[in-house]
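Just the one chain here, laid out as structure tokens, in the form predicted alone.
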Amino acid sequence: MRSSLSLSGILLGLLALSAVGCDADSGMDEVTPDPNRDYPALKTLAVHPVGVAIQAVHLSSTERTTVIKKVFNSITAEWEMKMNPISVGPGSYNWSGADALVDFAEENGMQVHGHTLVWHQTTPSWMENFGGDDEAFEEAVKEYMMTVIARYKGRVVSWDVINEAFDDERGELRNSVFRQRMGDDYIARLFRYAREADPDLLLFYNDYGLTWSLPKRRAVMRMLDDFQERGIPIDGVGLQMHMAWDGPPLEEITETIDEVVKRGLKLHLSELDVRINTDGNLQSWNEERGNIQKERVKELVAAFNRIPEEQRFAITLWGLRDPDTWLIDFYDRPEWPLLFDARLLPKPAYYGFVEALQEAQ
């Protein structure tokens, strides 16, 4: 696992590449999946939502949407609901991608988890270079949040209010423009603004590395305790599950899950993918590591199923099929981290997910 680079999903310049995918890495040709193919749908086995992160461009692919509609009942925007693609200038918005994804979800009876209202890596340039004073800067952030939440009120059930606010090594607040302009207590104010915009919205803090970075985990848990003591509204935590075939250990995962659960918050196992090519030596699918990947998915889902049902918000895969993964571009190497292969056929990891759900019934 990487401890110094952000593992949040999509990095700005890589999205277009990952949206198209790279089937050459798989050694397989695309085929149109049969919606009646004999594999069980995760959404019919789980008592909690099972989601997938997609981009609006994926909606033009009947092959993808057929599988998405069969298997999942929750979606997250991989890119289009972040600040940079929506906010094209002060008071100016681009809703096309986000609207398309929300419309698709409504048409197919799926919930939408909003990702993310604030993230330092997708801050629009006009906000990074804001010329007004700090009070005006905060008002601009608030206006953006209120506008976005209002547009999707009643249509988006939850939002990651902020993403990855703490660093890995020392668990300190990142020195983002939001911290510089709004002060150290800015996260609490962001949550208050979100609650003001929609009292019924579920509000999440989302981050990676809480399993393997003890300083970051402790910092986030201190924040949660502080919020609960002060009455700052927060409903849940998103644990980004960017995993690998060889780590982090299940014990570290369950310890982190328990930390969230004992605080009475909802848990979102967000951004799930499991790398098998961590050493960069693989040029094609490896069956042995694929079977380990299956067991990793199975043990993670089993750990989630052991927590109280009312605290199980969702499990979300960070991509549909292997060639679409952001990890190929991020690490510049082949990778096969998801539940479906290039032909949109379920992999062993898919059946690990199925087995864990069946054993929980």
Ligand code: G3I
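Position 1 is the first residue in the sequence shown; the rest follow in order. Please read these numbers as outputs of a predicted model, since none were measured by experiment.
We do not show the form predicted together with the ligand, though everything after this point is about it.
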- Honest question, do 72, 294 and 341 all end up within 4.5 Å of the ligand in the predicted complex by heavy atom distance? no
- Only hit among 304, 318, 336, 313 for heavy atom within 4.5 Å of the ligand in the predicted complex is 318
- 212, 119, 285, 186: which sits within 4.5 Å of the ligand in the predicted complex by any heavy atom? 119
- Message: Considering non-hydrogen atoms and a 4.5 Å limit, does the ligand approach residue 79 in the predicted complex?
- Response: yes
- Item | in the predicted complex, residue 113 touching the ligand (heavy atom, 4.5 Å) | no
- Task: Mind telling me which stretch in 255 to 263, 87 to 95, 158 to 166, 125 to 133 gets its heavy atoms within 4.5 Å of the ligand in the predicted complex?
- Result: 158 to 166
- Note on the structure: Contacts from 239 to 276 to the ligand in the predicted complex (any heavy atom within 4.5 Å), listed N to C, are 240, 242, 271
